[in-house]
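One chain follows as structure tokens, the form predicted alone.
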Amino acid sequence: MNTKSTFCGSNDHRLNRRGFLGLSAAAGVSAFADMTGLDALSNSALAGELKKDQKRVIMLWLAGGSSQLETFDPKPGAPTGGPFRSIQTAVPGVHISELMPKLAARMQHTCIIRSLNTKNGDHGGAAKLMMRGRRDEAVVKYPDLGAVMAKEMGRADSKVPDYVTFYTQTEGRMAGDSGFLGSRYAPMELTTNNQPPDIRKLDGISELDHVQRADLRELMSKQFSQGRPNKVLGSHNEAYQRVRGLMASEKLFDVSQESAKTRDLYGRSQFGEQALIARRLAEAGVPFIRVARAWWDSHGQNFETHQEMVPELDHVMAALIDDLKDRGLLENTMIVTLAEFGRTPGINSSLGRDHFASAWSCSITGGGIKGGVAYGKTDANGNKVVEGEADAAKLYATIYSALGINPHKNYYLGSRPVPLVEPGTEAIKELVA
């Protein structure tokens, strides 16, 4: 790593990002021994550099498949439309479901894509596709968006996690996956509560014992590694070296650190509190956080399900937009609201909507995306895409481009180049700011 100082002598530039990374690498573990992330942000220079330079993504994962007709692409009056009206948003000519009035008032920050055709209506396969942007090959297991963000946007020697995922419901749980990038970029999975398990040092172990045990593990690991060049082993050791810093990040996951006003802004529901933690993590420099809300699989009573769940989604999205904007983070923090697929325009005998991957919607806010846009179009009943069709690869090429990541870059498996997105895929240029 280049540790040459770029300090020009001005107090305004006393700590720039490159200089910070160089210093952190030189200082090693001790530089972050007591870092909680939020403490680091109390340094105004560092906070400014993180806000200016580092992109992050907060993904709101609507597990089970939400209905585009009750959210982003309503069809009032159509036989397939259902009982809810559409409402005018802050952007002239753009309408969304009446169940989302708060997002409607903030539509200038948000892009809706109404023309997804991803061709996979199976929960497991579709979830993998939409988390990765492409299908695995027989001999290649691709990383998901979180792992790519961890690799591309993670700070060198950072002791806050690079990739955190919340899925604390029981239905349809889909683990994050770093694929061929290895365990260094695997997620911290929170599946039982909002606090990482086993993150605290045991009371019966002194600080000295804790440090010496870590030193012993590192010594034994280095001895074992000698003469055994292995990428998997190296990745495992890199992940282990981050443990001490992760232990110091405990407060990031504690919403009681926030004011009652802020907690009320997000809501006291599990989804709201996890979204608030996601903001705290993003502010501390975590590149990717996924918050899953289950269970949207409304084969029966679709309208009752969405009447309950969509207003909560609307509230949480509005809170994130407002909070990130107020903190100067929205420009560099992307909110992706996505599911594995949408719901059928046809209404079944149980007054439900079934799996539908041929013409559905998602939304993207901030982080280099152009707001105030409704891209693509479905027909009058929502049965097919008639304008601007986009598959998973095109969606991901657009996300990467907006974040400043070249979607055509190659990773390598040995000497084999592996493109980040499907070859020949282009971003939707109209959506990149």
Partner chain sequence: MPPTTPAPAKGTLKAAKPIPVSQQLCGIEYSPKGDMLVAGTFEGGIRRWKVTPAELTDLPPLAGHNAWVQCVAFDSKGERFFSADSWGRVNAWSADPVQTKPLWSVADAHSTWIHAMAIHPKAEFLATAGRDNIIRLTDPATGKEIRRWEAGDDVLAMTFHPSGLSLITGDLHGLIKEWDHSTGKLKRELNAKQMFLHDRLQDVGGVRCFAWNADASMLFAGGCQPKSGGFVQGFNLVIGFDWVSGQAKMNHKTTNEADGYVLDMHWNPDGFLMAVTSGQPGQGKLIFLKPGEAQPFQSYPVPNAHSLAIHPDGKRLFVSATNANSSGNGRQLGKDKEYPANTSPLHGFEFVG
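Numbering follows the first chain given and starts at 1. These numbers were taken from a predicted model, which means no experiment stands behind them.
There is also a form predicted together with its partner chain; it is not shown, and the following applies to it.
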property	result
Residue contact check: Arg85 to its partner chain in the predicted complex, 4.5 Å heavy atom	yes
Any non-hydrogen atom of Ala90 within 4.5 angstroms of its partner chain in the predicted complex	no
4.5 Å heavy atom contact, Asn383 and its partner chain in the predicted complex	yes
Heavy atom of Thr192 within 4.5 Å of its partner chain in the predicted complex	no
Three-residue site Ser298, Phe303 and Ser358 fully in contact with its partner chain in the predicted complex at 4.5 Å by heavy atom	yes
Listed residue (Gln108, Gln257, Gln270, Thr262) with a non-hydrogen atom within 4.5 angstroms of its partner chain in the predicted complex	Gln270
Residue among Val94, Met317, Ala127, Leu99 with a heavy atom within 4.5 Å of its partner chain in the predicted complex	Leu99
In the predicted complex, segment of 339-347, 319-327, 108-116, 275-283 with a heavy atom within 4.5 Å of its partner chain	339-347
In the predicted complex: members of 304-330 within 4.5 Å of its partner chain, any heavy atom	Glu304, Thr305, Gln307, Glu308, Met309
